[in-house]
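We begin with a single chain expressed as structure tokens, specifically the form predicted on its own.
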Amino acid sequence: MNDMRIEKRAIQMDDVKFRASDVQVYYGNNHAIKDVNVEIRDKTVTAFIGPSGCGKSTFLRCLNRMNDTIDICRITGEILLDEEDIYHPKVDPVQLRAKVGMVFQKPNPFPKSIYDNVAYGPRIHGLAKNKAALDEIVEKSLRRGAIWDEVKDRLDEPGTSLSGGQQQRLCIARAIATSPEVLLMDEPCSALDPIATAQVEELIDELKQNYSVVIVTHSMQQAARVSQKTAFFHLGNLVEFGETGQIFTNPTDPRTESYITGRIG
């Protein structure tokens, strides 16, 4: 019986991709994130929801050290990726961001060809030995980004020539190209029309087979559709975290219920 319990615990431990403990974020004197403790699981879509300015994007950016680029930002506490501290002085943020890819709110393809958009990361990280290997990475990434069939005959055209939804899927393919383990998405559909949004949501559902996906969304309907776990942030606090179905149908905190029913936000 004890052996089974130990084995079950080991499986659960292996399942945790990110473990955040007592995370605080300050912008100068402003205490933006307070006492966040959360475990983000592998091969799962985790949604961060909450009103504008509640800290969800700030915390998302802690997971790949994007906040390092803001001079007045200070972070305390601990964030472990596969049980390793991502803020340890020996950790190279560039290498970390190859492992923890990011897709932004507005599609932002580089002013390069569709091919070069995807090839850029593998080139700078030395992931392809030759042109044939790079071609293979580009094709595989575009296929995983669910856009290969639409662009395979126009790889030399600029990424900016694509529609908004295609550009966002190109950006997802670009993020995948460095073989990350985690994909962070900061409101990836907010600039897209309903059809493009549905395509990206379908893609997110497929991506969880290979990646841990963390999505910030202002749309509760989107969180309910795409995620298995949901975290509700309010005024810099992680108020509640749990199974998405439970958060939306039977939240334990009255603040969560107030947000979901539209009384706050």
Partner chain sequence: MTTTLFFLVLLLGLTGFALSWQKAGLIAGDNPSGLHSRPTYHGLYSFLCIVLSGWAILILLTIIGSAYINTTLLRDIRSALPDAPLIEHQLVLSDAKAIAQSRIASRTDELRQVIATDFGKFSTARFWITIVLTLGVALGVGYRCLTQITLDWRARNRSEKIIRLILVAMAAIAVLTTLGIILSLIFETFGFFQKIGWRLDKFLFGTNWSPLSGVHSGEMDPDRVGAIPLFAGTFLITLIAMLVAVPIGLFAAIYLSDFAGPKTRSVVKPMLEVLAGIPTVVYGFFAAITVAPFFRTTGEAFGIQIASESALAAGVVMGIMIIPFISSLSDDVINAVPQSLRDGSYGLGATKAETIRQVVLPAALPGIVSAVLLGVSRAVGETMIVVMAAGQGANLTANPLEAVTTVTVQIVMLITGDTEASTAAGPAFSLGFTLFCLTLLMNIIAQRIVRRYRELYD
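Positions refer to the first chain, counted from 1. Note that the coordinates shown come from a computational prediction; the quantities given were computed from them, not determined experimentally.
This protein has a second form, the form predicted together with its partner chain, left out of what is shown; the following refers to that one.
Q: Indicate whether the candidate residues Thr69, Met102 and Thr178 are all in contact with its partner chain in the model of the complex, with contact defined as any heavy atom within 4.5 Å.
A: Affirmative, all three are within 4.5 Å.
Q: Please identify the residue among Lys208, His234, Lys229, Arg61 with any heavy atom within 4.5 Å of its partner chain in the model of the complex.
A: If I apply the 4.5 Å criterion carefully, the residue I get is Arg61.
Q: I need to confirm a contact call. Of Lys140, Arg74, Lys106, Arg154, which residue comes within 4.5 Å of its partner chain in the model of the complex, counting heavy atoms only?
A: When its partner chain is considered in the model of the complex, the option within 4.5 Å is Lys106.
Q: Would Ile124 sit within 4.5 Å of its partner chain in the model of the complex, counting heavy atoms only?
A: Contact check for Ile124: yes, within 4.5 Å of its partner chain in the model of the complex.
Q: In the model of the complex, is there a heavy atom of its partner chain that lies within 4.5 Å of any heavy atom of Thr160, even though the partner is absent here?
A: Yes, contact at 4.5 Å.
Q: Find out whether any non-hydrogen atom of Pro111 is located within 4.5 angstroms of its partner chain in the model of the complex, and reply yes or no.
A: Yes - in the model of the complex, heavy atoms of Pro111 and its partner chain come within 4.5 Å of each other.
Q: Arg174 versus its partner chain, in the model of the complex: is there a non-hydrogen atom within 4.5 Å?
A: Yes, Arg174 lies within 4.5 Å of its partner chain in the model of the complex.
Q: Of 145 to 153, 124 to 132, 189 to 197, 80 to 88, which is the one stretch near its partner chain in the model of the complex, taking non-hydrogen atoms within 4.5 angstroms as near?
A: Within 4.5 Å of the partner lies stretch 124 to 132.
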